[in-house]
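Heads up, the chain shows up twice below as structure tokens, two forms, tagged structure 1 and structure 2.
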Structure 1
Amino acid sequence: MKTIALASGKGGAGKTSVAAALGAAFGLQGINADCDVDAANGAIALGARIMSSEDYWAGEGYAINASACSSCGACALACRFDAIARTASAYAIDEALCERCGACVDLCPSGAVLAHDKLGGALYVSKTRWDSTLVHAELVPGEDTSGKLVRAVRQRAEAIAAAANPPIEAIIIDAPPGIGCPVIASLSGVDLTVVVIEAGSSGVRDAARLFELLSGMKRAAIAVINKAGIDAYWDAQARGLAEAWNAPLIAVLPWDKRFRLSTERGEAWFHSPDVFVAGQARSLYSAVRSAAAL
């Protein structure tokens, strides 16, 4: 079994659509794991029916019990993130700035800072329109620790794959945009990363940062150029980038509204009646299979 991730650096490059197309093509031999837990659209692309859900606990949050607070200010001095400030009656923690380190708990002489478990979101196991499995999650908006939830999604997908019969050939991971914590959590240890390069200035710049990250993580990459044909210069730059990082270019998808219309109809490209769109999905699938040595 292979773990294959979709990543791009830039948001909106087409990761989710390509991940859905590959998932549809692998059918019952594939599992989709939507690790873009900030903006999870795999369930829309694949038509998820939720089979089971569970709460995801994000870890500790902190609050100051105003009636126990002596307003000494030790907590505010301890906080390196400027998350604690004096209010009219006591000190209070600004959740938006709190990094959840808990240093304030140790330093409060009155025991007024209390830790509590925070509900971070939910983890779902669903069936797609084609009865394959999708593991996905939703973070509570404004919540923290998406890297931890990404690991939980991956672990669940791996556990389901290990028990599956017929055996699973591939877990398809849809990574978040960017290059930070949840992206690293999505890409660590994967067998193959498909870098979706949006053929444009921002798409190429952001993909370049991603290739550098992947190189540091020693992960193998192949490339798909998406939304090509708008600007010949950036089409060429996208090709050059893939070449510079020795990432075999397996597909160049033109900017064409037939892809978007197919996504909107919930066909995941592979099941599209449009022969052009379905053909592109089939050839993507076979190129990814061979790159992953499946």
Structure 2
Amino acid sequence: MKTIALASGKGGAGKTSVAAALGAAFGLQGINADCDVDAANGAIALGARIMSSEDYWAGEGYAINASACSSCGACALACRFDAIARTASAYAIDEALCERCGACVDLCPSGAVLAHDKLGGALYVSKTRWDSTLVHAELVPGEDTSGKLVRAVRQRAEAIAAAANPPIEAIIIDAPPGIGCPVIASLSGVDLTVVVIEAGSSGVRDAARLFELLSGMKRAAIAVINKAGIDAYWDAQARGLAEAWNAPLIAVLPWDKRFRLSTERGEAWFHSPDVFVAGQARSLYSAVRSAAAL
């Protein structure tokens, strides 16, 4: 079994559409893991229906016991994030602003600040419209433990794959865009990374940062150029970027409304009745299988 990650330097490059196409191509021999927990939309692309869900607990949060609060204000003075404010009867913590540094706990003279388990999101196991498995999650807005939730998504996908009969060929990871901690958690230990480069100014520049990250992580990468044909200069820049980082270019997908229409119909490209769109998806799938030695 191989782990294949789809990554992009920026949002909107088409990474999720490519991940969905590969998931549809692998079918029951693959598992999709949507690790873009801040903005998970793999379930939409794959027409998924939720089969099970569980709460994700993000660690300790803090709350003030109003009956024990002396209203001295020491907690509010200590909070660097302006997350504590006076109410009618006592002080209270705004969880959306709280960074959980614990200064309020240390400085409260009456012990009114209490720790509690903080709900950070939810983890789901779903079935796609082709009955393959999708593991995905949603992070509570503002929660800062996305790297931990990414790891939970990967662990669940790996456990399902290990127990599958017949065996699973590949786990297809839809990584978050960019180069932050959730991206590192998504790409750590994968067998192959497919970098989706949007053929444009920001797409090329942000992809360059991603290639630099992958080089530091010593991760093998191949490249797909998406939205090609708008500007010949940026098409050439995208090709040059892949070549500079020794990432074999396996597909150049044109800016063509037929891809969008296929996505809107929920076909994940691979199952499109449009011969052009389906052909592009099949070529992409074959090239990824070859690069991953499947």
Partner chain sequence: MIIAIASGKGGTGKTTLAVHLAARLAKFSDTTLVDLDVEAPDSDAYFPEAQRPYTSAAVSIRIAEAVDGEFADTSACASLCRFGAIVSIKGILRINAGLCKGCGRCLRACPKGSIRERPMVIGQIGETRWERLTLVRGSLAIGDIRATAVIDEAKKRAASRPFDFQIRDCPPGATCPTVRAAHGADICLLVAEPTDFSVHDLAGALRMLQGMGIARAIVLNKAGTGQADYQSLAMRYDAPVIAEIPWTESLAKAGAAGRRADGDADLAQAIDSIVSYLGALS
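Definition used throughout: the rigid core is the maximal C-alpha set that superposes within 1.5 Å between two forms. One-based numbering along structure 1's sequence throughout. Treat the numbers as computed from the prediction; the structure is a model and nothing was measured.
Novice: Of structures 1 and 2, which is the form predicted in complex with its partner chain?
Specialist: Pick structure 1 here.
Novice: Are residue 17 and residue 125 part of the same rigid part when the chain is split into two parts moving between structures 1 and 2?
Specialist: Segmentation between structures 1 and 2 puts residue 125 in the same part as residue 17.
Novice: Angle of the smaller rigid part's turn relative to the larger between structures 1 and 2, in °?
Specialist: It comes to 23 degrees of rotation for the smaller part.
Novice: Once the rigid core is matched, what's the CA displacement of residue 101 between structures 1 and 2 in angstrom?
Specialist: With the cores aligned, its C-alpha sits 3.8 Å away.
Novice: Report, in Å with one decimal, the C-alpha displacement of residue 75 between structures 1 and 2 after core superposition.
Specialist: With the rigid core fitted, the alpha carbon of residue 75 is displaced 5.8 Å between structures 1 and 2.
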